[in-house]
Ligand SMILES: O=c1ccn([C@@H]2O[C@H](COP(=O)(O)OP(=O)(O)O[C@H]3OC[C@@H](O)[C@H](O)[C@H]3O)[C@@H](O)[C@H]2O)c(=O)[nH]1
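Coming up is one lone chain in structure tokens, specifically the form predicted on its own.
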């Protein structure tokens, strides 16, 4: 429950209650951010989404301590005239809405581009025209491939951090060819970033851009056929979780050699709250939000998840815990990938004093404990259910 003591920002100033229009509030990140705002702050949230399953616990019953401080507005930002009104009566807009599942990037490139660029245009426009602050969620994918990936495999320069550490203000954005439609998402996200930055430079839009690096935790993504569509492929951690829950081998795309970092959702939400409540330090900045200490190859992630799941479930690992598959077989034509995504944390540490704390093992244990408790029985029933002839 929110404290009655006055909240202070990083410079010792009193934080006044604000109204926040949160677009995409019903998703993984939005639901955790709503939790944080209701439990620890006096702020009001206008929660905008087409679904509210992940925030129902905050909306009902009316006797909740924060009743009246969160309102759900069921609307699709593509075609609803109510959106501008909600932005107008808010102090801050947070835009989380996106198609952000890798399997969709090359199978639904048009939807991906429209969702991440075209649909975001009115949000930016309304914030700029009405002098409202905007926190826009982008992605670490805007960096694309590292410079190091183009060096010869035996080059010692591949070990130089300058060639693979990703910095908000200096790293180039390097994508594959146009026929590699996997980059449709990254290109759309980069273009909306550039538009927001230009609105700030030319029209005075007060903005902050967030680049998440694999935020992980309870309620993330979807488990196919249980709390999401039967078709389609979620992101890597949810994909591996689904395999573990079904006692199937974890599929390593192209050998699982790509490298990633993972950060716990609760750590990441702390960073977002600092952005919300410290506009003087956050506005005009692009922030990497990740944990460079939690770096692994996808193969190492699979091995660690197998061990963690055995611990939380009490089940032995299956005889063949992993199998290799090609990216074409797994994702279809047009797939490509980045080699490493290691965030530089200098800017967010300097501006907001934020550092992530949770280890990879601990965040995996928290996530897999939640998933086993929530989904294991449903998956057993789904597997046991006879297929209609």
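Nothing here was measured: the structure is a model prediction, and the numbers come from that model. Positions refer to the first chain, counted from 1.
Omitted here: the form predicted in complex with the named molecule. The next part is about that form.
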Can you pick the stretch from 150-158, 303-311, 179-187, 269-277 whose heavy atoms fall within 4.5 Å of the named molecule in the predicted bound form? 179-187
If the cut-off is 4.5 angstroms on heavy atoms, which of these, 196, 286, 252, 113, is the one near the named molecule in the predicted bound form? 252
Which pick from 90, 146, 242, 258 sits with a heavy atom within 4.5 Å of the named molecule in the predicted bound form? 258
At the 4.5 Å heavy atom threshold, is residue 330 in contact with the named molecule in the predicted bound form? yes
Answer for residue 355 alone: is it within 4.5 Å of the named molecule in the predicted bound form, judged on heavy atom distances? no
May I ask you to check whether residue 168 falls inside a 4.5 Å heavy atom distance of the named molecule in the predicted bound form? no
According to a 4.5 angstroms non-hydrogen atom cut-off, is residue 337 in contact with the named molecule in the predicted bound form? yes
When the named molecule is considered in the predicted bound form, the residues of 101-118 having a heavy atom within 4.5 Å of it are 102, 105
